[in-house]
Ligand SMILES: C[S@@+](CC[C@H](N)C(=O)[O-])C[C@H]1O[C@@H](n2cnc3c(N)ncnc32)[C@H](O)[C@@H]1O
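Below you'll find only one chain, the form predicted on its own, shown as structure tokens.
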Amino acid sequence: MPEDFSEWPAYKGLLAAFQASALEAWTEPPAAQLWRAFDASRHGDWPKWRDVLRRLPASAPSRVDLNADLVRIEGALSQEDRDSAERLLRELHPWRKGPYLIHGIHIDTEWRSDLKWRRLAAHIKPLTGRTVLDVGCGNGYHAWRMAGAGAKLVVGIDPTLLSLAQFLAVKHFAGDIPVYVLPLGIEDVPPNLQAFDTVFSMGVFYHRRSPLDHLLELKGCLRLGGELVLETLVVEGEAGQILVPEERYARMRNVWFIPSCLTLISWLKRCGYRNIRLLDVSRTTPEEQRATGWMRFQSLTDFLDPENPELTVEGLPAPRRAIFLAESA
């Protein structure tokens, strides 16, 4: 493993941040995984995305605002460099999570991730001074918002290399802020680490083949008394109600279990969580998820029955998402 992070300045503070926290025991595996991710054999498009990152114009930020709906970064860029930056950022299409405003470039992402943040931000334990894990973080939009809320260190994990490239592009302009995205899945985190004050799992649970194992993996990341923020698809119904799609759900192949809220609460109890609260249940709407110039593929309206938006194209209940809070006991 290379010891020099100079090629990737976004990670130069990574090892020191881990060694200065309860994450010291996790120092070696993510560093090794990080460098393996930079191996071009992992994804045929990685050399292209890496080239995009290397060609981004240099600019020290004069303002970074992580507390507004738009993650906003400003600095001194010429018009020529700004135009070049926009062309390069568009080469990282599709942008799923956001939105961002970088040097006046509005990255209008598929998901209005700020709406989800609004639903939970005032209700979770304050993040000031906390060490936070964001599981399945995508390009890191919520990780930036967590830092804006005062987190001491935010570690995002997501194995998707395009999401990693997008995060690195944002980090290039944002500068030295203790937010890091690593190309890992939850299974790559050392078991029973018990190091994080808050763990977020948002939009991940229904992609896991073993939902209780995922809840236990998340619990193993939390210190005693730490808070889990779990956001996932749910169906209406009583305790014990679970939707198991036979094939696709809203055109997604990898959706395995969609429980009712009461079922998920019972699973959280079974896995040893306490103080479990259902914070919010919301229908997903085209205001929150839609195609844009930065995500030109199909989106929510293409996944719903055109005659009845209460159903998916497969005839299943349309997406409904819930947010749960729980503590590790």
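Since we're looking at a predicted model, the values are computed, not measured. So that there is no doubt, residue numbering starts at 1 and follows the sequence shown.
Only in words, not in the display: the form predicted together with the ligand, which the text now covers.
Residue contact with the ligand in the predicted complex: V179 places no heavy atom within 4.5 Å of it. Contact between H142 and the ligand in the predicted complex is found at the 4.5 Å heavy atom cutoff. Put simply, I157 is close to the ligand in the predicted complex: some heavy atom of it is within 4.5 Å.
Contact check for E91: no non-hydrogen atom falls within 4.5 Å of the ligand in the predicted complex. For the residues A85, V204, V255, L222, the 4.5 Å heavy atom test against the ligand in the predicted complex is passed only by V204. The contact residue chosen from P211, P99, G75, G136 relative to the ligand in the predicted complex is G136, the criterion being a non-hydrogen atom within 4.5 angstroms. Per the 4.5 Å heavy atom criterion, the ligand in the predicted complex is contacted by stretch 128-136, the sole one of 128-136, 242-250, 255-263, 102-110.
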